[in-house]
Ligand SMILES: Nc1ncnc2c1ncn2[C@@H]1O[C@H](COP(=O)(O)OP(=O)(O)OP(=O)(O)O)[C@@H](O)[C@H]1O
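To begin, one chain is listed below as structure tokens, in the form predicted alone.
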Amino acid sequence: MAEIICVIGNKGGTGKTTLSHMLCHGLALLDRRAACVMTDELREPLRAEGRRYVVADARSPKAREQMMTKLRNLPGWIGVLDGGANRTDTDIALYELSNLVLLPFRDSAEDLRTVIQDLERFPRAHALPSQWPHNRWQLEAADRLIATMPAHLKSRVLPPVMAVSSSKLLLQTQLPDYFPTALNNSTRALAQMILGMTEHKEHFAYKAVAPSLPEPTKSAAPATPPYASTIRH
């Protein structure tokens, strides 16, 4: 039987579709068989040509039921259910179908308010910081934002997926022949974290990401590389 992961959340613009495709791309780079399942009735499914993973259209309840039946009979596969915004009933249905539930959110007070509500609504879900900033000052502000979360929810916030501008390439109709190394590395890291959670039940929690610092002078001691991964392998 396939592992089922859903990427849901009540707020729009948090990167659900981008993260779904990043995760599937990263899984495929790790030689895992993955299917990205579109469930948002307001979006058109992307073409499968040029992708390393399957793209499936399950925008209606009937199509979703048929897709889940197929996935349940595919051992070793991973199905990623891409949710939509402002669809609480659908989110509940996807939540009940899934082994792992991800709630992406961005570094804004509105996103934080919404993801807190969703974490309370979905007790098995994990919040996933999405498109997290690299800029030193923005990072510090994002860390302060996370610090305001209720204490009982902080352990359910995963390490952030840092902003990668090339991630938009995965949402194009016509894919490039090659993807940038930065995108491939980012998607692999995301896939490894998720596999660690599904296969080994490892615990991952948010840690402040070190901001980038000015280049040291020649006389200075070597600095720790900026944006050191917060993911334990």
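Predicted model only: the values in this text are computed from it and were never measured. Quick note: we count residues from 1 along the sequence shown, nothing fancier.
One more form of this protein, predicted together with the ligand, exists but is not displayed; see below.
Heavy atoms within 4.5 Å of the ligand in the predicted bound form map, among the stretches 66-74, 166-174, 51-59, 27-35, onto 166-174 alone. Met162 is the sole member of Leu119, Leu94, Leu139, Met162 with a non-hydrogen atom within 4.5 Å of the ligand in the predicted bound form. In the predicted bound form, no heavy atom of His200 sits within 4.5 Å of the ligand.
Of the heavy atoms in Leu23, none are within 4.5 Å of the ligand in the predicted bound form.
The ligand in the predicted bound form comes within 4.5 Å of no heavy atom belonging to Ser98. Mapping the unseen interface onto this chain, Arg47 falls outside it, with no heavy atom inside 4.5 Å of the ligand in the predicted bound form.
Contact residues in stretch 1-37 (any heavy atom within 4.5 Å of the ligand, taken in the predicted bound form) are Lys11, Gly12, Gly13, Thr14, Gly15, Lys16, Thr17, Thr18, Met22.
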